[in-house]
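Take a look at this single chain in structure tokens; it is the form predicted alone.
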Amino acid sequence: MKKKILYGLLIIVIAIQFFRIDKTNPKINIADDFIEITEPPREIASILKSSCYDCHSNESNYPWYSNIAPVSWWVKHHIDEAQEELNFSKWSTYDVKKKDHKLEEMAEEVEEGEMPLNEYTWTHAEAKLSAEQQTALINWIKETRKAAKSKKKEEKLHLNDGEKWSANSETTAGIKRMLAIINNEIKDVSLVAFNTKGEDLNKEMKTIFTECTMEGKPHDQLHLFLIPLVKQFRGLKNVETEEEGVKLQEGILTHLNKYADFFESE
């Protein structure tokens, strides 16, 4: 009888191995990334990568035991749940209020020893935070929140003492291509046309981020100009009604036309 039970359990264990989890990470847009946007010191960036990003980003590394069911199912559920709660790879998609709330939660959970989870550090010793690392991370999060609130009050796209900001030619060329895309058959109100334009505009945005050589204040002002477009492009790419598509397209066109008011090529 015991042998039958053992054989039965063995068959079940073997059978469930055929139910594999999806380990494919979504594509990463560096412009959306938390570390890229907040630019933390190297020490803090290292802590975030080793203790947070494995579960809370689109850069998950699945350990060897994630190949064995049912443990693999638990790992996948844990990662999905963590990313739903906070995904550093989608930081730019959060509004100001949500960003502040997430930073507040991060500081609280690190301070209370809730993050990283014990069950994670058991198999990832490098993720365990020392007292010094905890303090450094908490202080940086609090300073980042404070700076963000102050920046919100001060940040506004403006001219350089009445003059336009100098932009690299690649950026200006990218904006012109965006205008060409949004102006192409602007009367076409089909969902396919909107979705295609959103995809094409998003590709141009990635090119601009890659080729931009601007630094300092001109770069900061360009960032202020581009960030609203990131969300609009994503919205156009996933628009579900023609009415919404028309409004988004008109808004994007209006915003892109303001580029020449604030920037000129070097």
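Just so it is clear, the model here is predicted, and its values are computed rather than measured. Residues carry their position along the shown sequence, with the first being 1.
Same protein, other form: the form predicted together with a small molecule, not shown, and the subject of what follows.
Stretch 83-91 is the contacting one of 83-91, 171-179, 192-200, 156-164, since its residues have non-hydrogen atoms within 4.5 Å of the small molecule in the model of the complex. Proximity to the small molecule in the model of the complex, defined as a heavy atom within 4.5 Å, singles out one entry of 208, 55, 222, 236, which is 55. Proximity of residue 129 to the small molecule in the model of the complex: non-hydrogen atoms within 4.5 Å are present.
The small molecule in the model of the complex comes within 4.5 Å of no heavy atom belonging to residue 136.
Using a 4.5 Å cutoff between non-hydrogen atoms, residue 148 does not count as a contact of the small molecule in the model of the complex. Although the partner is absent here, residue 143 is not a contact residue: none of its heavy atoms lies within 4.5 angstroms of the small molecule in the model of the complex.
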